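Consider the single chain below, provided in structure tokens and representing the form predicted alone.
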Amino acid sequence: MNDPKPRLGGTSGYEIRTQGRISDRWSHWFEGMTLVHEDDGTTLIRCPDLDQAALHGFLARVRDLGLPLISVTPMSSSEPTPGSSQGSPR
């Protein structure tokens, strides 16, 4: 039977989209993650190897910074990790 509920190990991390651009002064809060500044004024934070427990802690950081949360999307293990499209923190 196919179980529709996501499992803890079912992702290879998460992509978190926030409104606005994250400045360099906060980059130490996002160590090991990739920040991509999109043309629409949002920031996409790629968090590889982040499990659900760590996700909750990370979302608390996003809240503490006052960043408006737009979306949280699990990344499947089959999704390629972007190499050349990585943005630098702003």
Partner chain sequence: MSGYLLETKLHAPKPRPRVVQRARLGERLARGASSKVTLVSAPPGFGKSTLVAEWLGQQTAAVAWLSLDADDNDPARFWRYVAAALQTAHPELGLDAARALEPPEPQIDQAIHSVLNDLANLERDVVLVLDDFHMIDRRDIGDELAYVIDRLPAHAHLVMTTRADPTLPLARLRARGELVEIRAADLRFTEAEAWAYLNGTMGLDLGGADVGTLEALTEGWIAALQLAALSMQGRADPASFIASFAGDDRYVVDYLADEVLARQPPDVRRFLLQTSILDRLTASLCDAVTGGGGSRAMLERLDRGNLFLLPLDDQRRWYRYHNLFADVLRTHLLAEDPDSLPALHRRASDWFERDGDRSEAIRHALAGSDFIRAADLIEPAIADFGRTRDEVTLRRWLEALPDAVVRARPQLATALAGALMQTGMLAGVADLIATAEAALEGPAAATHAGPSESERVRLPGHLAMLRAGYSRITGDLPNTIAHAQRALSVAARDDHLSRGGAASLLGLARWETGDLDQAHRSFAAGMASLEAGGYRSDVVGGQVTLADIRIAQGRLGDAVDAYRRGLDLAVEGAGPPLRGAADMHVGMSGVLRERNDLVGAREHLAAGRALGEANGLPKNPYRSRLAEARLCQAEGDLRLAFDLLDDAERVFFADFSPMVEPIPAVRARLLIAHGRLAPAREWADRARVGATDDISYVRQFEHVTLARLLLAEGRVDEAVPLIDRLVAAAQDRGWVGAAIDALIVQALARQAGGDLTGAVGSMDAAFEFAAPEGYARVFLDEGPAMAQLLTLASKRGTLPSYAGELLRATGPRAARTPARRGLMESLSERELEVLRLLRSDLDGPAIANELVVSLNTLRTHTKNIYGKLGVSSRRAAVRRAEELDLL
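Residue numbers count along the first chain shown, from 1. This is a predicted model, so every value here is computed, not measured.
Although not depicted, the form predicted in complex with its partner chain is the subject of the following passage.
Its partner chain in the predicted bound form: within 4.5 Å of a heavy atom of each of G13, I16 and Q52? Result no, not one residue of the spot touches its partner chain.
With a cut-off of 4.5 Å between heavy atoms, is L59 one of the residues that contacts its partner chain in the predicted bound form? L59 lies outside the contact set for its partner chain.
Determine whether any heavy atom of S71 comes within 4.5 Å of a heavy atom of its partner chain in the predicted bound form, and answer yes or no. Close contact is absent here: in the predicted bound form, S71 is far from its partner chain, nothing within 4.5 Å, heavy atoms only.
Given that its partner chain is not shown alongside this chain, does M75 nevertheless sit within 4.5 Å of it in the predicted bound form, heavy atom to heavy atom? Taking the distances in the predicted bound form, the answer for M75 is no, it never comes within 4.5 Å of its partner chain.
May I ask you to list the residues of 18-49 that have any heavy atom within 4.5 angstroms of its partner chain in the predicted bound form, in sequence order? Heavy-atom contacts to its partner chain in the predicted bound form: G20, R21, I22, S23, R25, W26, H28, W29, G41.
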